[in-house]
Ligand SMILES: Cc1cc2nc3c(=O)[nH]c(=O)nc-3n(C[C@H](O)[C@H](O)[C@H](O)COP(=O)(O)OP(=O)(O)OC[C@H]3O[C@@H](n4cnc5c(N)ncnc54)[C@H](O)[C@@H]3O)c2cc1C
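Before any questions on how it binds or moves, here is one chain, the form predicted alone, in structure tokens.
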Amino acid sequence: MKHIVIVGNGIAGITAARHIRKLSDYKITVISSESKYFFSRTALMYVYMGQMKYEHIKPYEDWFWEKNRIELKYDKVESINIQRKNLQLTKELLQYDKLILATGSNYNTLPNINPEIKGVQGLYHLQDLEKLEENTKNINKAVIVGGGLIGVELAEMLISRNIEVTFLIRENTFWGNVLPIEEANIVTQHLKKMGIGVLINTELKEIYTSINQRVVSILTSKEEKIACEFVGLTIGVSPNIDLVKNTSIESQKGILVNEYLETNEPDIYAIGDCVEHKNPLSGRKAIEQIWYSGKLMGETVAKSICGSPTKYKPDIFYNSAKFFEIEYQVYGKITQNLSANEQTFYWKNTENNKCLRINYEAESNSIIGIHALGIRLRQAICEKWIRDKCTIQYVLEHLEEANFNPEFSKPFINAMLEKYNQEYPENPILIKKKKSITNLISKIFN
């Protein structure tokens, strides 16, 4: 019987294990030094905030794995012997027939900052949450270096314990290297509204410590000294390639794979956050460290291992998150700067907490991307519009179909249509007026 060994029990590795079990009777072993059981990484923040317990963020009961004949090993892989097809674990030597590397990411650090200082850390692994509990006990002020989604999560966690938070943002707006300027400004203003300090065009220069090497303050690139007892590093994550560094498995920033998620060594695959695609598809990045991509890679590699070689073909790009209570969604191609053949339609409400952006091709009017803040859209419909190359006019006319809460959003949709008609009066869109009760009664009795 073939033995499939998976290193890493995040969404990519566990999806691979589940689908291999559905498709085969192979022996499956999943190894992790982070935790014995699979858990929802995005829900770690709610454990810290007291809204959930650790056992609540495990999607499967503990008995699920034995029942489905998926062996779990809570151990660390020290090395890979590619010629002999075995792994040296801390506790044993393990043979494999097929190996899947799903080693995830590590949070980035700063070259001028000692990450071993007490009160300095990032947030990615379960152990980081445990460390955060210790580092933030009885503190009053924190500084978060870098923006992005993990930064917002960390800020929300700290705010829940009444810890004062200040962001140091290298760009001129929050997450300015990803969001278009208008959306970035909305998020920046919302963070300030939540009582969070946001220092833009500012970097961390130095950390000052007490006699016992505990953070007491920091110095910014603008020579401003800020008192704090905690420094959160949220300057992105990088593929965890530690396991392959001293092997013949090719890697650059991530573990290099082809379209079948195969490495350069036979019977060894890589999936999830640790991956770097040699030839990424048009419009996709070589490294995509998002939940949805990891899940799809797990499903894809399972088919290949079980006898149906399958190329990794992600559909329309999608990601979602929350900036506190403001929901964020992106579909397709949304960039900071438009190319020569691209145009954009942008609307925001007067309260500056909701907006919608639709990018489209100038010649055909076919949409290529949708960006929403504070408005929840239906994923299947948005992806279908992009896939079918629907025009900007068609999408706006049918926007209500994609809205999760149409009864609350009708005024916003009408406002969007009015803005579009003002900008493009030569090709107006009909705005459906709300039917009055008098008209409805008249229709019934006539």
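Nothing here was measured: the structure is a model prediction, and the numbers come from that model. When you see a residue number, it is the position in the sequence shown, counting from 1.
The following text describes the form predicted together with the named molecule, which does not appear among the structures shown.
Checked against the named molecule in the predicted complex, the candidates 373, 215, 142, 150 yield a single residue with a heavy atom inside 4.5 Å, and that residue is 150. Shown without its partner, this chain lists 346, 291, 324, 260 as candidates; in the predicted complex, only 291 has a non-hydrogen atom within 4.5 angstroms of the named molecule. Picking from 236-244, 176-184, 203-211, 307-315 the stretch near the named molecule in the predicted complex, with a 4.5 Å limit on heavy atoms, gives 236-244.
A residue is said to contact a partner when one of its heavy atoms sits within 4.5 Å of a partner heavy atom; residue 104 meets this definition for the named molecule in the predicted complex. Remark: residue 164 does not count among the residues lining the named molecule in the predicted complex, judged by a heavy atom distance of 4.5 Å or less. Interface membership of residue 328, defined by any non-hydrogen atom within 4.5 Å of the named molecule in the predicted complex, is ruled out.
Using a 4.5 Å cutoff between non-hydrogen atoms, residue 397 does not count as a contact of the named molecule in the predicted complex. With contact defined as any non-hydrogen atom lying within 4.5 angstroms of the named molecule in the predicted complex, the contacting residues in 12-37 are 12, 13, 31, 32, 33, 34, given in sequence order.
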